[in-house]
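Given as structure tokens, the chain that follows is alone and in the form predicted on its own.
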Amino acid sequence: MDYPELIVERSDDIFILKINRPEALNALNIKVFDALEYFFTTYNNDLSVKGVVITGSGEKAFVAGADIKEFMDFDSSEGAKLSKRGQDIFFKIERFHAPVIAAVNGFALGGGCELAMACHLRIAGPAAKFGQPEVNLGLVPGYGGSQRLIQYIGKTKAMKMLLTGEMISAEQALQWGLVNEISEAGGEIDLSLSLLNKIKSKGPLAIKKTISLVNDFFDNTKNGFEEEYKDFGFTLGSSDAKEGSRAFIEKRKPLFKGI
């Protein structure tokens, strides 16, 4: 893929995606969205991919928001289309078959906080800051922030963040459940890769179905319990489950094949 706004590195079965607009604190623009859409569409069903890390270039920001200059003159119709496209791309990330981890190395504000929340897990550096400051511009979140923030930290805390536009620290984000772990300074990617290497040793079909089931909890069109018994039956009948059971009995590491 030829998108200078997104640096893509692959190490075996794990990708590292780096938003590459450090001069703009990695603000999301149309080209960044194009690159993210291309990647997560291209590899959506590629089971050889076991994990993805998303981070930002430079030391100051993961993603410090959306590029306001691109849409400040949009009318209501154009704004709704922009928001809908961003939501659709973030749904691709949220529904990706393999774990996607946000390695938050600085500011994750507005669209950056929304991008981090669309990932399955979040590792924050000690200097990370999170916020949805859209009200400061007379706006509301456009890429799912008003919905996912409630899912992670609850209505009361989310309402305050959304209404005040205030940022919270990495420590506060950890206490509130917005992030999973805090790394050492500069260690966000290493900790993310360590977590992905742990996860990829598990059954790949089970990982894929687990991601889907967790998403089903928030999907009003689905009955999560019904989806669970279906997916339990599906995984129980798989070769991976047979291998996992044999390996457990034989006290050895399983050799999963994803089938």
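Computed from a prediction, not measured in an experiment: that's the story for all the values here. Note that residue numbering follows the sequence shown and begins at 1.
One more form of this protein exists, namely the form predicted in complex with a small molecule; it is left out here, but the text below deals with it.
S.K.: Within 4.5 Å of the small molecule in the predicted bound form, counting heavy atoms only, one of 24-32, 215-223, 229-237, 195-203 shows up; tell me which.
M.R.: Heavy atoms within 4.5 Å of the small molecule in the predicted bound form occur in 24-32.
S.K.: Sort through Ile168, Ile150, Leu139, Leu162 and report the residue having a heavy atom within 4.5 Å of the small molecule in the predicted bound form.
M.R.: Selected residue: Leu139.
S.K.: Ok, Pro126, Gly177, Gly154, Gly79: which has a heavy atom sitting within 4.5 Å of the small molecule in the predicted bound form?
M.R.: Looking at the other structure, the residue within range turns out to be Gly79.
S.K.: State yes or no: in the predicted bound form, is some non-hydrogen atom of Phe96 no more than 4.5 angstroms from a non-hydrogen atom of the small molecule?
M.R.: Residue-level check for Phe96: no, no contact with the small molecule.
S.K.: For Ala64, is any heavy atom within 4.5 Å of the small molecule in the predicted bound form, or not?
M.R.: Close contact exists here: in the predicted bound form, Ala64 approaches the small molecule to within 4.5 Å, heavy atoms only.
S.K.: Could you tell me if Phe91 has a non-hydrogen atom within 4.5 Å of the small molecule in the predicted bound form?
M.R.: No, no contact at 4.5 Å.
S.K.: Determine whether any heavy atom of Ala158 comes within 4.5 Å of a heavy atom of the small molecule in the predicted bound form, and answer yes or no.
M.R.: No, Ala158 stays farther than 4.5 Å from the small molecule in the predicted bound form.
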